[in-house]
Every structure is written in structure tokens, then in C-alpha cells.
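One chain comes next, on its own, written out as C-alpha cells in the form predicted alone.
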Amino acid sequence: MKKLIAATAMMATGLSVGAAKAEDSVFVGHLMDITGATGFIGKFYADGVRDALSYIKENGGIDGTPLEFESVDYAYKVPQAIANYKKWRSRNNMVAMQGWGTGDTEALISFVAKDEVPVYSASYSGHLTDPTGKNPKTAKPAPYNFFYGASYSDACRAMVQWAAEDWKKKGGEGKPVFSHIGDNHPYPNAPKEACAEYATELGFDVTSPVVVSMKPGDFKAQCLTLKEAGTDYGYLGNLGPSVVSLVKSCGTVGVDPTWLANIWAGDYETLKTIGDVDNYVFPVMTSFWTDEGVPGMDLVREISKESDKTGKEFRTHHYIRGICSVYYMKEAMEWAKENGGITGPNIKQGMYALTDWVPKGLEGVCMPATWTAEDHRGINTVNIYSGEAHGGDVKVTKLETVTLPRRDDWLGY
């Protein structure tokens, strides 16, 4: 009888502890790709998110509320992403998620809206920016989707705006020619129509898209297509080894347009791996690891020590962008705690609480952002950089900052 009472007491205690834990801590799921098709770059962003979550967990949580999280490599496979989301939602009472790819993020739009779970993706698909379905072109309203940075569409628009001026400065004759280059996949496809429309509006001749696999290969045939079309500015929709293969293949057949890379295809690692390239333009949304005198880099360097105690490991701007994503979520959770509790709907409202907002401690690192209940384009300013590499030595130079209008017809698109 004593054993029965003791067992009953233990079960009651266990339930009590479990209930207390559920009440006293919050759980965030973290999807990452470090082994799949985008792992070349995904590993850097994943480290930034994971280090930031660890740092917050070890330094007071969410204003004293313990933070729990789990990082899972889903290898860029949409079914695995959905399965993990459902698991975290049912078993861990997940209140928010740090996500990754475009395919899985767009596939989860309806799930997270129904469950009221804010998702901070590393996909910057313009399709995620219309929370109410205001734009007739919006496929699905995305009220619980957020990301830190300009959308793929806006980043591409900013680069073609820069390219139009570049063409004039170079004394180019006639219309410059623009081509979208990428796999037939949600990620490279995300800005394809939106950017082509704006390029046409700016006076470019826009060619048919050139399809290039996300996997590396010999892309000389695609390069010759670009040559035949007379492409002056080629938008790179893929990333990592695929982009490296394409640029190298084009180099071997004498095709050398100005490359306009999406944000995941522009970084020191990619340029270094290409080895020799000029005319490589890409958007940037944070400071670089090597920048000096930026106050927020002190916190970035402390966070970096979570996985590198020496503090000397080089970090890409993808890593730093992961930190920004986590810290916007953190401050929205802090707002939620003060305004009814850390729930998904309250975190969402916390995202609307401030304008031109930079997380505390990350001044000069994260760009000021504003989200509203009608417009989830947090940032419409794009820093444009040029990159070149010779013998693997990389040089990166800032070209321009472009601030785009918040046109209604660009929302969700």
C-alpha cells in the first residue's frame, strides 16, 4: 500500500513538475539545413541562430522566463520540416519557430496561421509579406510569417535599379539585357516574375528564364544560352556549389555578364570558392565580421563564443543575420510577456509594437525594421556590394544603398 501511495505521489509530482515547466519556460523550434541542397550556406545561418538561442538561454532567457529550444537538420526536405513542426507543436507546445527554406516555409503558411505560431524564416520570399491577402496576387495570406531583411523580390528590384544606372554610367547603348538564372524551385522562383516586371519597367530587355540545377554540374550549355541572348545582367537565383559551377562554366566559354546574386549566393565563401571573378554584385543586410567600430558587434562576438570559445573563428554575414532574426523574436517575446503572456498571438503583436526597430545591443549590426498588421515587409532598404576574387583572394566593396517604395502592388509579391 505504501508503494502504491508512493508511486501515485511520484506520478502527481511528475505531472506537477511537467505542468510547472510548461508554464515557466517557453519552447522554440529551430529548423536548419546543414546537410542538404542548401547546406553550403545553411550551416553558417544555423550556427548564428543556434548560438543566439544558446546565449539567450544562458543569460536570463526571456526576461527571466527560461528558453528551451531544439535544432533539427531537416536536410532541405519539406516533408521532414512539416513533420518536425507538428511534433514540436504537439509535444513541446512550441510558441515560435526559427525556420529556413522557401519550400518548407511556404508549405507551412496555413499550418502556422491556424495554430497561431510565429515563424521567423530564412526564406525572404515576397510571398510571405502580405499578412491579410490585400494584394490580389497573394496566393495565401501569411499572418504569422516574419523574416529579417528585404525580400528576395525587393533585393532583386534594388539590384536592377542599380544596374539601370550602372548601364548608363558605362555608356551602354540600347536596352540592357536581364536574365533570371536558377532552378525551377520555390526558392529561386520566388522573385522571378516580380523582378522581371520591374526590370521591364526600368527599360531592360528581359529574356526567358535560364534553368540551372541547384546541384553543381557542367553548365556550359546554359552559359551559351546567356551568350546568345546577349545577357548583360544575370540574376543568380541558386546558391553555393551550383552558383560556383555556373560562374566557372561561363568563364570557360567567355561569358562574363555582371552577376546579380541573391543574398545567399553572395559572401566571402562563395567568392573564394569561385576563385577568379569580377562583376559580382550582391545584397547585404548586416555588418561584416571584419567591420570595426560597430557597437553591436561586441554582442555578436560574445554570442559567437557559444560555439567558438577562442572568439577568433570567422563568421559570415549569414551567421550575423541569424542572430538578428533571433533577437527580433526575443524582444517580441519580451513584449508579449509584459502584455498578457508569451503566446503566439502576443508575440505577433509584439512584432508591431515598435517602428524603425533595432534589437538592444545590436546597434549598427541589424538594420532598422518595421512590421505592421498590414505589411510584413520589415525592411525595404538594400545595401548593395560588389565582390571580386583573384586566386581566391576576395575583395568586397559597398556600392550603394537603395531604399525602395512600399508599393501596394509589390506586397506579397
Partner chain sequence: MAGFSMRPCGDFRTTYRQDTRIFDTTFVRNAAILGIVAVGLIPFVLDGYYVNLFIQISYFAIAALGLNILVGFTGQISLGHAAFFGFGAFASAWINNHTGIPVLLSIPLAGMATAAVGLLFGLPAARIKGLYLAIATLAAQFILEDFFARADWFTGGSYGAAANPINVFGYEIMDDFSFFYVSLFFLVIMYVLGSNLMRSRDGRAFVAVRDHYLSAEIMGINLTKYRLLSFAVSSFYAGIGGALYGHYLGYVSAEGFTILLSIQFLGMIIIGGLGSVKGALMGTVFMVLLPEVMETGVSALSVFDWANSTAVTDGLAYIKEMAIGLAIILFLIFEPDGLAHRWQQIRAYWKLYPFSY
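Residue numbers count along the first chain shown, from 1. Given the structure is predicted, the values throughout are model-derived calculations rather than measurements.
Form predicted in complex with the partner chain: not shown, discussed below.
Using a 4.5 Å heavy atom cutoff, Lys87, Lys140 and Ser307 all lie near the partner chain in the predicted complex. Within 4.5 Å of some heavy atom of the partner chain in the predicted complex lies at least one heavy atom of Arg50. Contact annotation for Glu70: at least one heavy atom lies within 4.5 Å of the partner chain in the predicted complex.
Contact annotation for Glu106: at least one heavy atom lies within 4.5 Å of the partner chain in the predicted complex. Contact between Thr225 and the partner chain in the predicted complex is not found at the 4.5 Å heavy atom cutoff. Of the listed positions (Asn93, Asn279, Ser110, Thr200), a single one reaches within 4.5 angstroms of the partner chain by any non-hydrogen atom in the predicted complex, namely Ser110. Residue Ala190 is the only one of Ala332, Leu236, Ala190, Val212 with a heavy atom lying within 4.5 Å of the partner chain in the predicted complex.
Here the chain stands by itself, but in the predicted complex one stretch of 374-382, 42-50, 340-348, 354-362, 42-50, has heavy atoms within 4.5 Å of the partner chain.
Contacts of stretch 159-190 with the partner chain in the predicted complex, defined by any heavy atom lying within 4.5 Å, are made by Asn184, His185, Pro186, Asn189, Ala190, listed in sequence order.
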